[in-house]
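Let's start with one chain on its own, the form predicted on its own, as structure tokens.
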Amino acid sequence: MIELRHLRTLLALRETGSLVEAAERVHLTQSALSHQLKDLESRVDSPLFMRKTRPVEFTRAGLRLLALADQILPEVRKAERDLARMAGTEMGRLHMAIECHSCFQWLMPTVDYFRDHWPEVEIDIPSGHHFDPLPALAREQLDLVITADPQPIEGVHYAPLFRYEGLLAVARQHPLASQGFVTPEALADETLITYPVEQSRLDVFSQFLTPANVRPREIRTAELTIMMMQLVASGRGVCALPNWALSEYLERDYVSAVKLGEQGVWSTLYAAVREETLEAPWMQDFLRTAQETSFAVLNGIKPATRDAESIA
């Protein structure tokens, strides 16, 4: 009567708080998700949540099924992992590079969890490498690259992890702090603080400034997010960062954040892997763990779209 897909849908509804975002999480249309929930309610002969509430308020029946989901789904995941390990015939290697300065917030919990469940897989994150990660992935120097800038390389597959919005961080007293969004022209008189990477690989340039043919008055770089925030808070410049990277500073009221353009600037973060290792049980488990951990610890991210899933 109750299927695993029902339990996963209820968990997504609890975690996201809305039907729209829950549908994105489980890769269904909102109509299909509503139909699935109504079917489940008819099976248990009871409503599971209160309509038109946000966040969603669950009924006693809904809470009981959520408790069941919390109990059963981790055991199902554990059994799936154990079966995958039994089916594996060789040890793996997972050497990765990160083209994302603010990704350690979710990547480290992912690696720690994965290491505990796949001790036979050799994990390493080389530092100070002096090569382009994606070509190095194709040459088998690396096994996985976290990137928001997929390049067409033969034999490399890009598995979408999640979508995120880039926001402009400004000092609380900055004139832009009171705006609902900023235009590219508004940054022409600003000092833009960025990570020390090529401008073409930064969303604020590739998706916002360059198409409008606008350049900031000055560009300066900083290695660490906290250094960027200190500069922004003291009025030394502005910077564009993923929404999840700014969340802790916004919660502390350290800086303010403004949307980049009326529609916002959204990007997709990918895990690039070689096609030959994509179907390895340990690689599939790492990708799944990375997605689950991201949604558990990051604020403001969304599931990747179907268009993003088609990139290879």
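Under this definition, the rigid core comprises the largest set of C-alpha atoms superposing within 1.5 Å between the forms. Since the structure is predicted, the reported quantities are computational estimates derived from the model, not experimental observations. All residue numbers refer to positions in the sequence shown, first residue = 1.
In what follows, reference is made to the form predicted together with the DNA, a form of this protein that is not presented.
Colleague: By the heavy atom within 4.5 Å rule, which residue out of Leu28, Val258, Leu65, Leu287 makes contact with the DNA in the predicted bound form?
Modeller: When the DNA is considered in the predicted bound form, the option within 4.5 Å is Leu28.
Colleague: Consider the chain as shown here, without its partner, and state which of Ser247, Gln36, Ser267, Thr277 has a heavy atom within 4.5 Å of the DNA in the predicted bound form.
Modeller: For this set of options, the contacting one is Gln36.
Colleague: At 4.5 Å by heavy atoms, is each residue in Arg5, Ser18 and Ala32 next to the DNA in the predicted bound form?
Modeller: All three within 4.5 Å in the predicted bound form.
Colleague: Would Arg252 count as a contact of the DNA in the predicted bound form, using a 4.5 angstroms cut-off between non-hydrogen atoms?
Modeller: No, Arg252 is distant from the partner.
Colleague: If we define contact as a non-hydrogen atom of the residue within 4.5 angstroms of the partner, is Arg51 a contact of the DNA in the predicted bound form?
Modeller: Yes, Arg51 lies within 4.5 Å of the DNA in the predicted bound form.
Colleague: Do Arg60 and the DNA come within 4.5 Å of each other in the predicted bound form, heavy atoms counted?
Modeller: Heavy-atom contact with the DNA at 4.5 Å: absent for Arg60.
Colleague: Choose from 66 to 74, 43 to 51, 277 to 285, 239 to 247 the stretch whose residues reach within 4.5 Å of the DNA in the predicted bound form, heavy atoms counted.
Modeller: Heavy-atom contact with the partner occurs in 43 to 51.
Colleague: I want to check Val265: does it shift between the shown form and the other one by 2 Å or more at the Cα, with the core superposed?
Modeller: Moves: no, less than 2 Å.
Colleague: With both forms fit on the core, has Ser247 moved 2 Å or more by CA between the shown form and the other one?
Modeller: It does not, since the Ser247 C-alpha is displaced less than 2 Å between the shown form and the other one after the core fit.
Colleague: If we fit on the core, is the Cα of Gln284 displaced 2 Å or more between the shown form and the other one?
Modeller: Not so; Gln284 is displaced by less than 2 Å.
Colleague: Kindly indicate if, in the predicted bound form, the C-alpha atoms of Gly17 and Phe162 are closer or farther apart than in the structure shown, bearing in mind the change is 3 Å or more.
Modeller: Relative to the shown form, the pair is closer.
Colleague: Classify the change in Cα distance between Asp285 and Leu37 in the predicted bound form as closer or farther, relative to the shown form (magnitude of 3 Å or more).
Modeller: Asp285 and Leu37 sit closer together in the predicted bound form.
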